[in-house]
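The form predicted on its own is given below as one chain in structure tokens.
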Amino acid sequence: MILSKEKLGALVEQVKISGALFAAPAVDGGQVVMKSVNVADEISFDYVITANSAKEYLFPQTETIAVVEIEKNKVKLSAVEPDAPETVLFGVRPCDAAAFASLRSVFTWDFIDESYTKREDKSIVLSVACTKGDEGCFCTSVGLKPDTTDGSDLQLKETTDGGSFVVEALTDKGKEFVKKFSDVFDDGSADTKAIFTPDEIPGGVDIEKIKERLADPAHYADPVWPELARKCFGCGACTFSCPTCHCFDITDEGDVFSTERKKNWDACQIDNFTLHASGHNPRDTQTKRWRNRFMCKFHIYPKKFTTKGCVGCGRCVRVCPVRLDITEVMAEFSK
């Protein structure tokens, strides 16, 4: 099928009329971010990857999950249903789409977290394969590709003339979407632009060697950790920009009579993340916290699940204020 960029405006309009939210890459504050748009003219096509991931549409940065009210002689606790509107996520890069499966693995592991699953069930992912990239891209090093279809309901590939997308429906949800908005999609095919391929990481990366080395507890005392992590000062930018990071905390916010119980993103790179009530902190140095993040991506997570702990989007490389590059660590642990 073909989706012409000229008809994209009609698609946005029809989606909005249906009552759904349409999110796409758009310029905001001088950078391209994934955000809600009202017209196709807001959509940007000139981007490698959005500054934020589409994760926040399924796993919000903060949300109220319960309300506690103190009344005379009683305490009233009320659950808050998740706000889960029908959502179209357009222009998601394949690495970000693959990250949704990673999140679902966590949020359906030992408990079904409906705050996540209800949103994902009501969302449809239209990914756009990558025709360009930058030095931060390393999806091929973690076993993905710039046109990976994992997590996508529809995948779009830009045509050589730049005026349209060739569309492939990958799931039943994707096929239903095409059927629902059939007047926007045209039958046919066309030549597409070449898919971008990331450069090989200097020194090479071998995921299996990384897993093997991290599985040996002797690596905890490896002097390479303080050397690799010495620049990190725990800002958490890598964690908050990551499409697969899923840690959160629960806080009660309000006053003595009315309190909202909130679920907020948290970051393993922040010094009080593992702080015990006793005052003990098992990860009391930034080296230990950074080591844990790397282990989570390439040992702890893969040991539990079949999905990816890291999808190679490269956001952590791009946002790090001290240019701490995870691919350098991957290369070091591939030796």
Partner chain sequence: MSDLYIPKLVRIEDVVEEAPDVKSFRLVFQDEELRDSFKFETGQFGLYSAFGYGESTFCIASSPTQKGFIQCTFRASGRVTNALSALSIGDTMGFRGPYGNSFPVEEWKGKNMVFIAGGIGLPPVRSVIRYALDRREDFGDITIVYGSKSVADLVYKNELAHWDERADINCIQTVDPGGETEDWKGKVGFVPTVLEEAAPSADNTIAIICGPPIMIKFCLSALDKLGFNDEQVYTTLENKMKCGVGKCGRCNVGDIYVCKEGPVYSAAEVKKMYDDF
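This is a predicted model, so every value here is computed, not measured. Numbering follows the first chain given and starts at 1.
Keep in mind that the form predicted in complex with the partner chain is not shown, yet the notes after this line are about it.
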Pick from D113, D206, E168, D222: which has a non-hydrogen atom within 4.5 Å of the partner chain in the model of the complex? D113
Within 4.5 Å, heavy atoms only, which of F107, F240, F181, F196 is in contact with the partner chain in the model of the complex? F107
Looking at the partner chain in the model of the complex, do all three of E81, I250 and A277 come within 4.5 Å of it through at least one heavy atom? yes
Only one of 158 to 166, 85 to 93, 182 to 190, 210 to 218 sits within 4.5 Å of the partner chain in the model of the complex by heavy atom distance, namely 210 to 218
Are any of the heavy atoms in Y47 no more than 4.5 Å from a heavy atom of the partner chain in the model of the complex? no
Decide whether R291 counts as a contact residue for the partner chain in the model of the complex under a heavy atom distance cut-off of 4.5 Å. yes
With heavy atoms only and a cut-off of 4.5 Å, decide whether A26 touches the partner chain in the model of the complex. no
My question is simply whether I65 lines the interface with the partner chain in the model of the complex - judged by any non-hydrogen atom within 4.5 Å. yes
Across 306 to 335, which residues bring a heavy atom to within 4.5 Å of the partner chain in the model of the complex? none
